[in-house]
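Below you will find one chain, with nothing else, as structure tokens; this is the form predicted alone, and questions on how it binds or moves follow later.
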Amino acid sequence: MTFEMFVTVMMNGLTLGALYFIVASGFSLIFGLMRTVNMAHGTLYLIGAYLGYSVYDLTENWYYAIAAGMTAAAVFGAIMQVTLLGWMQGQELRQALVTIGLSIIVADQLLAHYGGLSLQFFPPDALFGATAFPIIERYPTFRLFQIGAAVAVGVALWLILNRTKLGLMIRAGVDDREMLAAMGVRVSLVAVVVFALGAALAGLGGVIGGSAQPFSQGTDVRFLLTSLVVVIVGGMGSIGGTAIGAIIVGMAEQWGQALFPTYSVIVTFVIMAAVLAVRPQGIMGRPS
């Protein structure tokens, strides 16, 4: 392996990890912080991707597609929380079964409307093409944008959770929902807001991921499983842990494909098993 190839694989792993972080950070909010088992998170990714694609097809404006994808996923997520998951708080098995069933229904409806062919967005001219990069000379501009978007999402989430009243209520609700409700806070409304925010991040990931590579039926399962692994490795409820987990998983996938492509699919699960064996709460998770 040449040094240029080494740098290319490292950058590919970092940019893939950035995409995983955008999607998994929403899952971390819902699953890690609110303790809601949402097995339809990959479906939220698909909803954002397909609805964003519809708007892109009509307007040929990629930024409108991002707004549409995030909004559609956020609205669908809020409806899920209000109508289905809100009254199942603490019933993890029921939440899992209901969201799995819902994901199957939505996937069938999307298949009926959009068909089974792969679709893809095209980013604006400013993000298209390649940018000068040390050692490897040039690297796709859009992949560098993925890293910037992931950093922006991470900073925004940190500010929301640590510097706003909403973040204070979220963290208080994680530790003691009953006490928070006794203080007059509408915990159910906070849960809807958090779920909508997590869903919007999945929708954002759908548009960005659909611009980086084609998407179709089955993409939702891939991103659901990846989000699960990322959150488990990084630690439930930790945005920093989610970032670390996303980078580890992205790097593992790219290096696995570069060194032993036949067995690369199991690398991330081996990493997850190793982390669970040594540190069950994840790299940056708190002991239960």
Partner chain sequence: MTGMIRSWPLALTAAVIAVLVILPLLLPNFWIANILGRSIAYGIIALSLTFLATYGGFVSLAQTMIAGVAGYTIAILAPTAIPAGAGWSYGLAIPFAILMATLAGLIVGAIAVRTRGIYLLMITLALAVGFSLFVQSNVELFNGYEGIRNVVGPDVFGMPFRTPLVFYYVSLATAVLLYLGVMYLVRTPFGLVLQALRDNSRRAAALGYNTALHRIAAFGAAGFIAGCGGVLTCFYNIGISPGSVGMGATVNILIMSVIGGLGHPIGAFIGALIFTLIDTFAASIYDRDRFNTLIGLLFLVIVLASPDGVLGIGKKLAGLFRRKERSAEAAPVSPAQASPAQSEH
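Numbering follows the first chain given and starts at 1. Since this is a predicted model, take the numbers as computed values, not measurements.
The protein also exists as the form predicted in complex with the partner chain; that form is not presented, and the subsequent description refers to it.
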* Only one of Leu228, Ile66, Ala252, Leu33 has a non-hydrogen atom within 4.5 angstroms of the partner chain in the predicted complex; which is it? -> Leu228
* Residue among Ile232, Leu29, Leu51, Met70 with a heavy atom within 4.5 Å of the partner chain in the predicted complex -> Ile232
* Counting only non-hydrogen atoms and a 4.5 angstroms cut-off, does Val98 reach the partner chain in the predicted complex? -> yes
* is_contact(Met11, the partner chain) in the predicted complex, heavy atom dist at most 4.5 Å -> no
* To do: Using the partner position in the predicted complex, report whether Ala243 sits within 4.5 Å of the partner chain, counting heavy atoms only.
  => no
* To do: Answer for Leu224 alone: is it within 4.5 Å of the partner chain in the predicted complex, judged on heavy atom distances?
  => yes
* To do: Go through 154 to 162, 179 to 187, 200 to 208, 79 to 87 and give me the stretch that gets within 4.5 Å of the partner chain in the predicted complex, heavy atoms only.
  => 79 to 87
* Asked: Does anything in 259 to 281 come within 4.5 Å of the partner chain in the predicted complex by heavy atoms, and if so which residues, in order?
  -> Thr262, Tyr263, Val265, Ile266, Phe269, Met272, Ala273, Leu276, Ala277, Val278, Pro280
